[in-house]
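Shown below, as structure tokens, is a lone chain in the form predicted on its own; questions about how it binds or moves come after it.
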């Protein structure tokens, strides 16, 4: 008997709306909350994906009342909302907005926060369900988590769930990551901890699994028999902005390579999961991360760089050491590139080249499978001079889509073969725009769906890859590159050493 899709809870085409609940944001006045979280809450409400009984709470040092906070939230949401602004939607949300004034070490503030949650159970029917978003520096995690434990806010009970969202970075190395994980897990149960990597919420990243596992076209060639190499790039055209304090302590490898790029590598290289569930997907990703190998010759195959003054989009861009808050002799990298291997039967011998950097020519994130050349070409060498490797490129941002690059004859009376591209663009194929990453991930937190959230083991396996690189780079000076260039020359030499070169997105 075919199940009725209107009643089948497994039917993912149906909108999923969370149970009555509250979202509590620590660090509500910060950039992340104003630019991403508050707009995402509005967009979810505008799409009818928040429960009628929903409350938003913020805690910060500002001397505000509920009305002041609601006005700030409204301005932030309206400025960055993805969906059209509707005043009536915000008015419904505003009636459930609460603000608690105090610092993270203020017992009275947390007692007040706990009392406010209790009051909302009666006045707004949230059912005692709450998700706590730690939009704060990792150094403040211990203070906030202990306060939550002291007040009992972290405790899930039958019929009432409590969840915590942890923003990256998840530590600064393997040892600190384990300490952080142990701390979080001592307050919340493992299934109630959501470590958020916003890249996993992007529509194209999720489409990577659909591309691979819903089609018979690509999977037969998705292996080392046909793929020559894989390039994963996350390029940014901006500098560090006002994040000098964070960036000086972190650098490009810890900021992007450890989480975003290794997660993209895992999704690219993973085997097909038994089912599309959080546990099965995490299992396959973890196998990949544990199979990642680091090259012996790190001097050649691990490159870091730092941007200098240059030109970008017709404007002069200052160098990293001239940025406000950066030391004049800083050795922090703003560019990192590395060659990794994945020691599985599918990928043995295939290099995975990962790179990330700031002040590069354009903002783009992509995964490119570079296929092997045909073993034999029945054409003259002059016929195929402009023919490169076949490529399958998954564009994560900003122009979400997929490009297939292959050889085709040039129209004319002679045989000449050159590369052509076949493009699929989300914006052209679908009328509905893709949800913003935080929109999707916030909804998943409230639903309790952990599919797109890495667990402890994944985070620790990623640090096991990054720590040797950081140890090798310690005490060294990054290679310089001008703002507006695709990184230092050493990154090009890294691929040239094996007869390859980077894609120019």
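Source: prediction; values computed, not measured. Numbering follows the first chain given and starts at 1.
Heads up, the form predicted in complex with a small molecule isn't pictured, but that's what we're talking about next.
Visitor: So, a 4.5 angstroms cut-off on heavy atom distances: do all three of 61, 146 and 163 pass it with respect to the small molecule in the predicted complex?
Guide: Heavy-atom distance to the small molecule in the predicted complex: none of the three under 4.5 Å.
Visitor: Using heavy atoms only and a 4.5 Å cut-off, determine which of 301, 199, 90, 222 is in contact with the small molecule in the predicted complex.
Guide: Of the listed residues, the single hit is 199.
Visitor: Just to confirm, with a 4.5 Å cut-off on non-hydrogen atoms, which of 405, 168, 212, 395 contacts the small molecule in the predicted complex?
Guide: Contact check passes for 168.
Visitor: For the chain seen here without its partner, which of 254 to 262, 146 to 154, 283 to 291, 120 to 128 has a heavy atom within 4.5 Å of the small molecule in the predicted complex?
Guide: Heavy atoms within 4.5 Å of the small molecule in the predicted complex occur in 254 to 262.
Visitor: Could you confirm whether residue 82 comes within 4.5 Å of the small molecule in the predicted complex, counting heavy atoms only?
Guide: Heavy-atom contact with the small molecule at 4.5 Å: absent for residue 82.
Visitor: Could you confirm whether residue 230 comes within 4.5 Å of the small molecule in the predicted complex, counting heavy atoms only?
Guide: Flag for residue 230 set to no.
Visitor: Is residue 192 close enough to the small molecule in the predicted complex to count, meaning some heavy atom within 4.5 Å?
Guide: Residue 192: no, not in contact with the small molecule in the predicted complex.
Visitor: Report yes if any heavy atom of residue 234 sits within 4.5 Å of a heavy atom of the small molecule in the predicted complex; otherwise report no.
Guide: The answer is yes: residue 234 has a heavy atom within 4.5 Å of the small molecule.
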